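Take a look at this single chain in structure tokens; it is the form predicted on its own.
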């Protein structure tokens, strides 16, 4: 059983009686006579019980205590004595300094440390009896061989294995002997004569000098190598006397710098760091963490931007469309010109120019037909799309060839009767399921009026889409299936809900098309039965009798749609056709003088602009080149061009269905359900609002979904301020706990995020897949 069925089965009179007993009244004047008598008697009893102490409390305090304790004299006296007459003394709290001292002392005082034996005293393995302890006994004799009983000697080798082992041993001895000979040869090459020493001590002598000259670091332009510290020239091994004589006569030998050492590689620097004699370099401040420090040679490899950074930077510059200055490079003139041309960027397109037209004057001068939009609603499978398809066929908007093509496509999936419905239902999913899912639009014109059809879905799962269509309509067509049993099931289904919704959205004119009457042989009795039931229901909903008409039609055959039916069985009907009733309907008054407002129904990309939106102008006027503001994103854009009913135009006014091509805005800031408005007078974005709502179901503080056109936002009924009279709007009851269906109440709704809403707009509240309320923002 669903939540709504469980609520309907409750005895709400009993529930309301219980709630009424716990209502909190704002002042004493609203107390019942019984409460007043009990309050007066209780006040006298409390004052008598307090006797002398009664002067310490006021009458208001006594009454509040009596009200809180439900006129219990003993509890009231106890509360007054403990609260006002002799309250308990408060113990002084310790100061912050004392608390800090106590905490410090507790932290400083050491705790006695337990012994290991005491720590493991509760362990079961620490108390094993002696007779159960394991005793390891050494083996009587040592094991010989391996664990598996072998002798332990190396395995026997075959002749081939012995020969291979001998060759391997001989090769190892030979390589060791060659290495020794090489070492001995290098030692003999060492010389100690002066010429050889001078040659070795020269800074760029020998193989080291060649290596230094051709070092890759030198070729790449790195810092030249410097000697670590000078050393004295070696002295030849001479007798001590000769050395002393030479020291006495010969001058002091010159200090010759040692051979310059090559810098360690990047890999060596990474592993071992700098040598102790390396020049100290300033540590980079880019890597403050100790483990992230690397040598400058390693940092040089990462000093330039990575290929990914280069690509991202280029893409960012291309997106901003800024001119990147190009540095001149050495090379041919053709390369220089090519690089300069490549660096040129095209600036953003200039803003569209406005003609500064007086739109209202232009609208009055224009001789265009009046524009009107109507929404087609009704229970699922009532024949709404088929009837509109037949209407377009009879008016010549579509030709017979198109219908035949659709009929052939419908035959392939076994739905031949859906050919006319497919004129409006063009989505694959809609054709596969046989139901309308989203609002389908089409246009046709008569001699006086240009009509826009808004074919709304009838299934209960797509009520939000139906609400979006009803918010754009001037009047409505309610389609009812006259088939046996179909009308009764539809009346319990979406027929009632759709009627309530379109009335709540401000639609006052309704045409009831009783469809499929040919299936009951155009029975006048069936027509009258349906008319009486629906007329009573619509009257209770708020539709006036003068704004309600009934037309018997056959959507499949086209009877009474554009032309009168030629069937003699329907000769009893002498009224107008459906098309004549549409022409006799007047559209709503346009809010031309109000600030510009348009609800976005669709966002798409067109050939004229990368961002185009469509919708119906709710209020005001607009022209090409005007600046507009998108709410709630707060982004500004400019109108590049306007299409009114698929025709290019320089301006548009309230009530017209338009396609607006925008520029100078990112498409990510525009969504379906947003509102574009005048930047000088923007629509506010609110997080909560007060609603004067008509309840369709029981209302209480609960989670709801807020719908306004294409807008859909999550919210919650935060409080119910009052119940209102339907006629006068005066307050009949304050702060009710619950609102019954059919009542009008003032409620406060809290939203989950900011939503563009303003006073005077109509919204619908839904919960659990059901419409629970609709009303007007205050």
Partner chain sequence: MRFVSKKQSLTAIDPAAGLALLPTEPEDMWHANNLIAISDIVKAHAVRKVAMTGSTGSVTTERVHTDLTIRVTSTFFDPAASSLHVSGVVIKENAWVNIGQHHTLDLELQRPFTIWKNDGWDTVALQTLTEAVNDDKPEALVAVVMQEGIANICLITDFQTLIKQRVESSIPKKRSTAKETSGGMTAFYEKTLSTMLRAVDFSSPRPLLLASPGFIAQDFRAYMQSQGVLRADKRLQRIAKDAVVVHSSTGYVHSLNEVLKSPEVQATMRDKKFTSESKLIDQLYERLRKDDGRAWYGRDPVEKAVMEGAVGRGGGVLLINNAFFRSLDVATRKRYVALVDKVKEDGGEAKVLSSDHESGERLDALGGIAAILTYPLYDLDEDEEDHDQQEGSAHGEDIEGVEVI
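Quantities reported herein were computed from a predicted structural model and do not represent experimental measurements. Numbering follows the first chain given and starts at 1.
Although not depicted, the form predicted together with the partner chain is the subject of the following passage.
Every residue of the trio 462, 614 and 712 has some heavy atom no more than 4.5 Å from the partner chain in the predicted bound form.
Only one of the listed residues (363, 698, 550, 522) places a non-hydrogen atom within 4.5 angstroms of the partner chain in the predicted bound form, and that residue is 698. Exactly one listed residue, out of 750, 726, 36, 68, brings a non-hydrogen atom to within 4.5 Å of the partner chain in the predicted bound form: 726.
The partner chain is not shown here, but in the predicted bound form it comes within 4.5 Å of a heavy atom of residue 646. Though the partner is left out of this view, residue 425 does reach within 4.5 Å of the partner chain in the predicted bound form, counting heavy atoms only. The partner chain in the predicted bound form comes within 4.5 Å of no heavy atom belonging to residue 565. Not displayed here, the partner chain is kept clear of residue 557 by more than 4.5 Å at the level of heavy atoms in the predicted bound form.
Here the chain stands alone, but in the predicted bound form its contact with the partner chain, taken as any heavy atom within 4.5 Å, falls in 702 to 710 among 393 to 401, 160 to 168, 702 to 710, 579 to 587. Contacts between 536 to 572 and the partner chain, taken as any heavy atom within 4.5 Å in the predicted bound form, involve 539, 540.
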